[in-house]
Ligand code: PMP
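As a starting point, one isolated chain is supplied in structure tokens, in the form predicted on its own.
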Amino acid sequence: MNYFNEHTVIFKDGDFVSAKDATTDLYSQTLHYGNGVFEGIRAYDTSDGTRIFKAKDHYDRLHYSARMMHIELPYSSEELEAITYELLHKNNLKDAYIRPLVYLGSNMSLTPTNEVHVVIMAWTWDKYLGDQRLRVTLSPYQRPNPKACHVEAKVVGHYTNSILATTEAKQRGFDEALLTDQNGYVAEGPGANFFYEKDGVLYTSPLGNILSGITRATVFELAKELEIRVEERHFTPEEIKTADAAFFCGTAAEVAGLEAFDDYVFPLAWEESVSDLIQRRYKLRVSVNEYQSLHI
């Protein structure tokens, strides 16, 4: 996939510059050790113009991730949101995926550095996991132990775990992986949170071993509007094989229905599930502006 062309503009350290001419530091601590943080955000062409979905929530989480990694982010959430709207305008983008990245300068030691760089990029990107329901498998890889790192922060280096899990699953003929935590309970997918449905109730893993997803929080909001009960609790992979339906959710993936988990095919027709209601309401939510979304 081509993420940019000769006309693409990115934001980098206070300026809007050509993507093809932008450079980075080969001695960057982020490049060598993975100490950097990022976000994944979407903008939608709504009935009220281009709107970034939950921009403040995303940029607040970027600040949280930076604090956890001892990185001083030199822009407020409000400044980053305004910059992002300007970036979309300069690239004539209405429906877009947005990638803010905070990366560090030269530092070969294992200590924080004061050289902090901020780049924001945007491109047109369809749903990360596609539109078809997915076949997923239990990964042999587990999510990192939360006592080893800040698993709730979006840290560049954490995603080596995701690459390993997705690659291994695809090598075995599946669309995506599902990972457990260090105790063997289901955690999440490599790049998305996980919900399963049983008798009209949605179940998902509690925070602590997973990323606190913005889309995950939106699912809770939508479920409340639709009067669908959601329970956060620990559960085993075996319990999923009694579920009626299931889905992944994340900014890049949006709400992606699952067809099967290993050899277990979810028995409920998708169109008859509350998961489908969540998926359809999510599509509606992102198609209107923030004020309208509070009243649908």
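Residue positions are given as counts along the sequence shown, with the first one as 1. Fair warning: this is a prediction, and the values are worked out from it, not measured in the lab.
One more form of this protein, predicted together with the ligand, exists but is not displayed; see below.
Residue contact check: V37 to the ligand in the predicted complex, 4.5 Å heavy atom: V37: no, not in contact with the ligand in the predicted complex.
Y159, heavy atom within 4.5 angstroms of the ligand in the predicted complex: Yes, contact at 4.5 Å.
Residue contact check: C249 to the ligand in the predicted complex, 4.5 Å heavy atom: It does: once the ligand is placed as it appears in the predicted complex, C249 has a heavy atom within 4.5 Å of it.
Contact of I214 with the ligand in the predicted complex (heavy atom, 4.5 Å): Judged by the heavy-atom cut-off of 4.5 Å, I214 is in contact with the ligand in the predicted complex.
Location of the ligand contact in the predicted complex, chosen stretch of 77 to 85, 129 to 137, 115 to 123, 205 to 213 [non-hydrogen atom, 4.5 Å]: Result of the contact check: 205 to 213.
Heavy atom within 4.5 Å of the ligand in the predicted complex - residue from A192, V102, L178, A96: Contact check passes for A192.
Contact test, all of H58, R61 and E188, partner the ligand in the predicted complex, heavy atom 4.5 Å: So, yes: the whole triplet contacts the ligand.
Interface residues of 132 to 158 toward the ligand, as seen in the predicted complex [heavy atoms, 4.5 Å]: Stretch hits, in order: R143, K154.
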